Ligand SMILES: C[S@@+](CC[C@H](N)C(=O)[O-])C[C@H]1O[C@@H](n2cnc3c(N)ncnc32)[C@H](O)[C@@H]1O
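Form predicted alone, single chain, as C-alpha cells, below.
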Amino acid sequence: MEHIDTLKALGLFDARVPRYTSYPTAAVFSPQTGGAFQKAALEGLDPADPVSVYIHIPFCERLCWFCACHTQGTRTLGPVESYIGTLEAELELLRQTIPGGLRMGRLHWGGGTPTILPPPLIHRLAKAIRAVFPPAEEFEFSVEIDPIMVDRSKIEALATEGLTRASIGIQDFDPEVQQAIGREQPFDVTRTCVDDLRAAGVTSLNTDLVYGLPHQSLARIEDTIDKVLTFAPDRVALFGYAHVPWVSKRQKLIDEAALPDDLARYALATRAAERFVEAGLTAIGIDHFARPEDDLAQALTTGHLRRNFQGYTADTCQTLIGLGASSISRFPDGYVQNAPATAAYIQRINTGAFPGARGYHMTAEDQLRARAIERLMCAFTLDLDDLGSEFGPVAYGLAPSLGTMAARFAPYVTLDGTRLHIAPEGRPLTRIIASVLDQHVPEGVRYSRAS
C-alpha cells in the first residue's frame, strides 16, 4: 500500500477509461458500418487462415444483478430452442458467403448461460457449427459454465462435442456477497461441477472471480480464494466489478452503500493477486493468472499474448466471427456487432439479411494504435522499433505520445530511447496509460472505473 498516494494522484480512483478489449472501443461503433461491411469482410477471408468462432447464448434462468452483459431471462426452453433455429439460419447465411475450405481454430460459447441448453440442443448446435466451420488441426473449444445450470449429462454432451476448456463463473463464495448480487451458488454445487468436468476429461479449467462487490472484505475474498485453489484451476480471471447502472438497469438492485470504497477495493485486488502468485500461478496482464504450463502463460513468455472481448488469450487467429444477438466480429480491417436486442437480431436473420447493426472500419492509423495499446495491456512495454518492423516508419509518429506517458506517469513509466516500460508498481494504471493513445473518445460516454 506504500504507493497508494502516488497512484491516487495519478488518477487511479478517479479515471473512467475503456478496458481495451478492442480498439477502437464499441462506444464508437456506427450504423454506417453494418451488414454490408460484414458480408464483404466474410467474403474476403483467406481460407488458409483459421478463424475463431464465438456463439452468444443470451438466455439465463436467473439474471445476476452485477452482470452488464446482453442477457434476458426465461423460465422455459421454448425461446431457447427457437433461438437455436435462428443461429442455424445465421450459420447457413455464413456458409453461403465464406470461401470454401475455411476452418475454425477456436470455438467459444458465451452468454448469458450456454449451459441452459439441454444435451439435445448442445449436440444440435455443435453439429450445425461444424457443418460450416470444420475444426482446424489445432482446435480448442471453450464454454462459459454456470454450476447451477449444469449437470453431468450436459457436461458429458459438451465433452463429446470436444470441450477442452471450461470457464466457471464464481464471483465470490460468501453467502452475503452472493445474496447482494443476486447470484446464490453454494460451494458444494461448484465442487460437483468441477469434479464432473475433470471426470469427463476436460483438460483446462478457468475460474472467474470479481472484486469490488458489495459486502466483500479481505477475509471473505481470502476464503473464496482458498476454496478456488482446491479446484487446481489452470487459469483465473480476476475482474473488477464495473458498477454502471446507467448501462445495466439491474445493477440498480445493488446497494451502492455496501460497495467497498477506493482503498478497500484496491486492497481486495492486490491481495487476491498476491494469493494467486503465491499459489504458483503466473500473473497475466492486468487481471488474469495461469499455471506456467498453460498456453496463456507460454504466450506471455513468447510474446504472443493477445487481448480480445473475452480478455487475455493465446488465440492467434486474426479473425473472430461472432454469431448470435449482440456478438461482435473482429476482422482484419474492422469490427461489426450483430443487433444487440434478441428480437431485432432474429428479425434480421428471418428476412435473410446480415445481422450486423453497427461497427467500425479501421484506418491504418487505427491498426497501429490498436497494436500499440494491445502491447501495453499484454506486456506493459511498448517498443517503437518493434512496431516499426510491423508498420513501417509511421510507427515512430507515436513518439510524442510515449513522451507524454513518461512525463505524466513518472516514476512508474520510463522511456529509454524508443522503448517504454511500465513498472510493476504502476501496472494498476495501465488502462489510463493506454488511453493516451486513444484517438476515439466519444463525448458523453461513461466508462467503468480504472481501479
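What you are looking at is a predicted structure, and each value in this text was computed from that prediction instead of being measured. Residue numbers run from 1 along the displayed sequence.
Not pictured, yet referred to below: the form predicted together with the named molecule.
Residue contact with the named molecule in the model of the complex: Ala136 places no heavy atom within 4.5 Å of it. Contact annotation: Phe239 falls within 4.5 Å of the named molecule in the model of the complex, judged by heavy atom distances.
In the model of the complex, the named molecule sits within 4.5 Å of a heavy atom of Cys67. Taking the partner from elsewhere, Asp146 is found to have a heavy atom lying within 4.5 Å of the named molecule in the model of the complex. Residues placing heavy atoms within 4.5 Å of the named molecule in the model of the complex fall in a single listed stretch, namely 109-117, out of 109-117, 194-202, 337-345, 76-84. Between the options Asp315, Asp208, Glu90, Asp295, the residue in contact with the named molecule in the model of the complex by a heavy atom within 4.5 angstroms is Asp208. Proximity to the named molecule in the model of the complex, taken as a non-hydrogen atom within 4.5 angstroms, holds for one residue of Ser142, Gln251, Gln178, Thr224, which is Gln251.
Residues Gly169, Gln171 are the ones in 148-173 with at least one heavy atom within 4.5 Å of the named molecule in the model of the complex, listed in sequence order.
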